[in-house]
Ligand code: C5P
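First, one chain by itself in C-alpha cells, the form predicted on its own.
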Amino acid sequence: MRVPAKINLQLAVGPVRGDGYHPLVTVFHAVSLFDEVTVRPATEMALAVTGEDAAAVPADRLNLAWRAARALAQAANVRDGAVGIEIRKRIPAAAGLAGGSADAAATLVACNEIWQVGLSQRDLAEIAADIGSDVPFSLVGGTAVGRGRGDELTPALASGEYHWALAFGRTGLSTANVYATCDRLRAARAKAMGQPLAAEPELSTELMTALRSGDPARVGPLLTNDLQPAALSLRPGLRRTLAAGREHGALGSIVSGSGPTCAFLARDAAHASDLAVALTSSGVCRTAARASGPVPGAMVVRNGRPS
C-alpha cells in the first residue's frame, strides 16, 4: 500500500465543545509524500516501523494502523484477524501531515483485500472515522472539504496541479497541546478585548473559487490556519521558517495542521525544488522536501505500481 500525507489549505477551528472536540471546517489536500504499508496474514498481531522518525512511532496497539486492523476485524466479524504490518515511513511523525492516519487508512484497505471482506469505501470510511478524524480523508485523498471533526467529507471542485516545498521541524508537536494552546490564546484575547470567543467555523468561498481556477498565484495568499498562532507560540522558531519561504518567493506559506511542518506553495516544480534547497541550506528547518498535489488516497501497489 502507498498512502499520502495531507496538508490543510484552510483550517478553521470553532470553540471547544462539551465533549472536548472542536468543530472544524478544513480543506484537505493530499500530496506526494508517501508512507508504504505492507500487510500480511499472521498468526498473531505484529507491527514494525522503519524509516523517517521510526523511533518516535509506537509499534504496538497504540499505533493507529494496529487499531485499524482490529477495528475492521471486529466490524466484519473476521475470526483470527491477526496480521503483520510493516510501515516504511517517509511522512514525519507528529508533523501536522496525518502520517499516523495515513498508515491506518492503508491498513484498512489492505485488510479489506486480504480478508476479502468486500466493504465499500463508504463502509471503510465509517470505521475510519472512529479511529481518527483524518483517517477518512487518507482513504480518498485528492482535495476535499472536511466538516465536523474533519471526518465529514465533500470532494472539492478544484483543478490544476500544485507544487509545494515542505519544511520539517526538528521536533514534533502534540496535536492536543496545540489545540489547548489555541483555546488559551483565544480566551486571553477575548478577555482582553471584551469580545466573545471564536465563532463557528466557515468555509472560505474565496479559497474555493481560487482552487477552481487552478491558479496557484490566486490560491497562495488565501491559505489560512487557525492553529498557526498556537503552533508559533509553542515553536517560535517557525516564524523564521515561514519568513524564509516568503523571502525565496513562495506564493503562500502556512503551518500545516497542528504543525510543525511548514508548507510553501510554489510557482511550479522547479520553484518547489529551489525552495526546498533554500530552506534546508538556510538552517530554518531540519530538512525540506518537494511534493505535488492533489494525489489519490490509499492505493494498492502491485509490482511497484499503484493499482
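In case it trips you up, residue 1 is the first one in the sequence shown, and so on. Everything numeric in this text was worked out from a predicted model, so none of it was measured.
Beyond what is shown, the protein has a form predicted in complex with the named molecule; the following relates to that form.
- The partner is absent here, but in the predicted bound form a heavy atom of G132, alone among G84, G132, G142, G172, sits within 4.5 Å of the named molecule.
- Checked against the named molecule in the predicted bound form, the residues V295, C285, L24, A291 give one hit for a heavy atom within 4.5 Å, which is L24.
- Only one of 106-114, 214-222, 176-184, 229-237 places residue heavy atoms within 4.5 angstroms of the named molecule in the predicted bound form, namely 176-184.
- For the chain shown alone, G18 is not a contact residue for the named molecule in the predicted bound form, no non-hydrogen atom being within 4.5 angstroms.
- Interface membership of R149, defined by any non-hydrogen atom within 4.5 Å of the named molecule in the predicted bound form, is confirmed.
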